[in-house]
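First, one chain by itself: the form predicted alone, in structure tokens.
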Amino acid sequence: MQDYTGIETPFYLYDMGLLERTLSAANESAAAHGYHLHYAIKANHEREILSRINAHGIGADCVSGGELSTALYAGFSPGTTVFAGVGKSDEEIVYALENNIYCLNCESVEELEVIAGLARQMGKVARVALRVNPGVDAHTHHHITTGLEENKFGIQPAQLQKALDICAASESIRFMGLHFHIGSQITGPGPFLALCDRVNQLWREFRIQEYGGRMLNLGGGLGINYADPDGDPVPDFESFFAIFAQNLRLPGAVSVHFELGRSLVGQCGTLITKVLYVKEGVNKTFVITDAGMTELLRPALYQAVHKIENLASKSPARCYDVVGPACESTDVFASQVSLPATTRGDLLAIRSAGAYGQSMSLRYNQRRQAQAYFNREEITSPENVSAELFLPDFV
């Protein structure tokens, strides 16, 4: 077992070698088809993570002014940065226009009118893609499905013609193309095949090329293997991009973009936590850890399942409920999970926590913010620790 003596738990541990392999695999597979990649900052905005991703020439995908500021401050080029989100404030739109980012992904007719008005006041031309809600079921958890008609995201096809007409009539809007994102943690080809069919249909039906559309952004959604992170550490990017290369029917002049988050960083992160108590209940035994929903919100928010390993014990297995210290009944990492016999002071590794772990961390119950460490070989080196998330202000 790696020696974590003297390191205060809980903490996030990042395998930077795995991150490098993942980024290289994604870039190589995308480049084979001439595709462009943007990293979804929301997945993890730790400074060292962003630095490595930027070094691979991947652009940024942002959903807030704070994320946009973080991306630009971290060195991402405005020319490869996109900005989505259903609730962009006027200040955020102005900030994006001031920085001349590549594209604003617009999610409603109402927002489009605001962007046009603000750009006109600034004497700017806003580059805009229209995010269309394609009505495609991602067959994933309902809280991370974003392409159905009842979702808050995107423009309904019935409103797309109106949005295109606004773009055509406005001198302060440059229409770039269409944007889609149907959901997250998609592990089979079906939803992506359905998306290709819908994109082909909409592109023809609404004559996107005639309106000047030369860009298609297909979002992200590619999942990772939470059950077997060691056996399947790098997603199959080659097969993922091949789905689109084989099924999109678009003019050759159209550039195709993707916004990947979880698939790039999910497997490289692990949450290390210490067992505080092993509590015998009436019908269950609880392992109470010093990490909780404040460090990894996904199980409480999405009922997500992460592999949990006991780093200290090789004793015969028992069934436990692994829970955190937060004053919430939903602060549960796993129910009836099999672990080696566990005792106070054991260290547990909660795997596949690189995406939506540290970036969603909370100060609820006034909890101390967990630190982040990089490179398992050098974990005790002071220069390899980050004490806080990277959060510059955007104004």
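Residue indices: 1-based, along the sequence shown. This one's a predicted model, so the numbers in the text were calculated from it and none came from an experiment.
Same protein, other form: the form predicted in complex with a small molecule, not shown, and the subject of what follows.
In the predicted complex, the small molecule sits beyond 4.5 Å of every heavy atom of Gly177. Among residues of the shown chain, Pro134 is not one whose heavy atoms approach the small molecule to within 4.5 Å in the predicted complex.
Gly269 falls outside the set of residues with a heavy atom inside 4.5 Å of the small molecule in the predicted complex.
The small molecule is not drawn, but in the predicted complex it has a heavy atom within 4.5 Å of Ser184. Checking Ala341, Ala32, Met360, Val337 against the small molecule in the predicted complex, a heavy atom within 4.5 Å turns up for just one residue: Met360.
Only one of Tyr73, Tyr211, Phe286, Tyr302 lies close to the small molecule in the predicted complex, with a heavy atom inside 4.5 Å, and it is Tyr302. Residues placing heavy atoms within 4.5 Å of the small molecule in the predicted complex fall in a single listed stretch, namely 260-268, out of 160-168, 315-323, 260-268, 278-286.
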